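Single chain ahead, by itself, as structure tokens, in the form predicted alone.
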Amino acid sequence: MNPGGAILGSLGRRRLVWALGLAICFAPTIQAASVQDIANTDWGEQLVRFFSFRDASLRYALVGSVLLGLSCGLLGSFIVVRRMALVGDALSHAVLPGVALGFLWNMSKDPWAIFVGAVVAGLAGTAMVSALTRTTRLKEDTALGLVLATFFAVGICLVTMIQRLPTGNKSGLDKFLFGQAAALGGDDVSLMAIVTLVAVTLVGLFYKELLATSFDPGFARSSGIPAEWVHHGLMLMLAASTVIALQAVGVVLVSAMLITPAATAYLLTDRMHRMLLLASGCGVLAGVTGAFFSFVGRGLPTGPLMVIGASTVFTCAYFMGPRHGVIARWWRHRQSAARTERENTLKALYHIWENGGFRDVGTTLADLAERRKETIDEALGRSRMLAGHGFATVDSNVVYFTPEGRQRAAEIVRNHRLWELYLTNSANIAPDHVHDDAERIEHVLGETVVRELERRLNYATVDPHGKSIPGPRDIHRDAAVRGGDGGVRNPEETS
């Protein structure tokens, strides 16, 4: 049983209960969460209005979505590689009390007051998590769950108190729970632009420090990099980016915009600088997609559509990624299995040819089927597969090597027998226990490794079972010798 998984599962269930409770409590106030609410016309006209950017509210929502995607994708990349995804989730919930306190500061929805209050609350939450992990036996995930629950509960209580004030229903704080991109104004977009610009600048200036502390904190400390200060600075920027995202996607979904674009980029590249660019691009694409479908649709909320857009891009990367995608990995596995099967058939043909004293010019399908312990039809299918790759020819139920097929067969046999000899001599493994391991490794040994094995084994010519090991000269010489009928003759017959 995985305790961490149980904690995360419990945490996910609690978040679901909170979200359902909030949806019930604020149901009358969260209906207008769509950019489309600013213009209630038909679908075609909405499309024209979107690409003409005539509506000021649309421009604010679109620019805000782009800035949100850029900052969240950029900073989320460092969260993903540091394995701190749950930190973003806890931080997004921990800022809610700061949002309420920022409003209470001057009883107005001042973006700067709310921003400062939320950032302070977020930093207080991360500091509490750090204190709990340092002073108690609790692990970080447990401390994050405690802080998330406590701060979010305090935030709900404060928001509820504000809603009961005489002007509370007009405060608009409920929009921070589920997001409303249509409510973005000029001040909100200006604040988002400043935070995004600062985040991009700091990442550019301290990229090496962030890179070192993300992948090897010990090396960073030994190199004189103040790893703790870098970490706290990242948390500060993460808190700021989380706050500017609340107005668009809300407390409940902001962690998805931090993690999903970065997770998508993580599947597409192994280089950090490329990951930053891809994550930012995926975040921007998700933001624009959410704004587009929210505007041209009817009653579709912008924030959830952004998250759905980001999840759709992630799904595409998960299945169709060029390296780590499911389809690509399946295709590589299939190709590897097919290549292994071809090479095993070539090896079987070589063994038959070797047992015959290298004098037969071909191998019958019956002999191949007996060697492979399969039917004649299966042997014929494998022989035709070899013929399709230029390794053999099939004529009247007789299989003949081509020069390329003979060379590859000798290479596979050489790899197998060299590895058996290496395990026997260097690892002191009994000769009757090395065959299965050699069966697997023979297909992946490269020429460089083979040359090193030959050198370490003093260019041995016999394996532990007394069978000859084809050498490089034998392989290339035998591959060049063909019979007039398409088979491969014994090199001794040509000398």
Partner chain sequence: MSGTENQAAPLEIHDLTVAYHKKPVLWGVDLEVPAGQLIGIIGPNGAGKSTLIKACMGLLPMQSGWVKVFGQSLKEVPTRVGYVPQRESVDWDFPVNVMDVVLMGRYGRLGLFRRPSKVDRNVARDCLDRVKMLPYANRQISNLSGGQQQRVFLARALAQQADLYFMDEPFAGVDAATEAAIVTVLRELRNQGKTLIVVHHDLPTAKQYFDSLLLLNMNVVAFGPTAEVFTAEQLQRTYGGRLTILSEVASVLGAGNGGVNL
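What you see is a predicted model, and the numbers here were worked out from it, not measured in a lab. Positions refer to the first chain, counted from 1.
Just so you know, the form predicted in complex with the partner chain exists too; it's not on screen, but the next bit is about it.
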Q) With a 4.5 Å heavy atom cut-off, would you call E370 a contact of the partner chain in the predicted bound form? A) no
**Q.** 4.5 angstroms heavy atom contact with the partner chain in the predicted bound form for F292
**A.** no
Q. Does the partner chain get within 4.5 angstroms of any non-hydrogen atom of L277 in the predicted bound form?
A. no
Q. Are any of the heavy atoms in V81 no more than 4.5 Å from a heavy atom of the partner chain in the predicted bound form?
A. yes
Q: Using heavy atoms only and a 4.5 Å cut-off, determine which of W112, W331, W229, F219 is in contact with the partner chain in the predicted bound form.
A: F219
Q.
Tell me which stretch of 371-379, 350-358, 262-270, 385-393 has a heavy atom within 4.5 angstroms of the partner chain in the predicted bound form.
A. 262-270
Q. So which bits of 206-241 sit within 4.5 Å of the partner chain in the predicted bound form, heavy atoms only?
A. F206, Y207, K208, E209, L211, A212, S214, F215, D216, G218, F219, R221, S222, S223, G224, I225
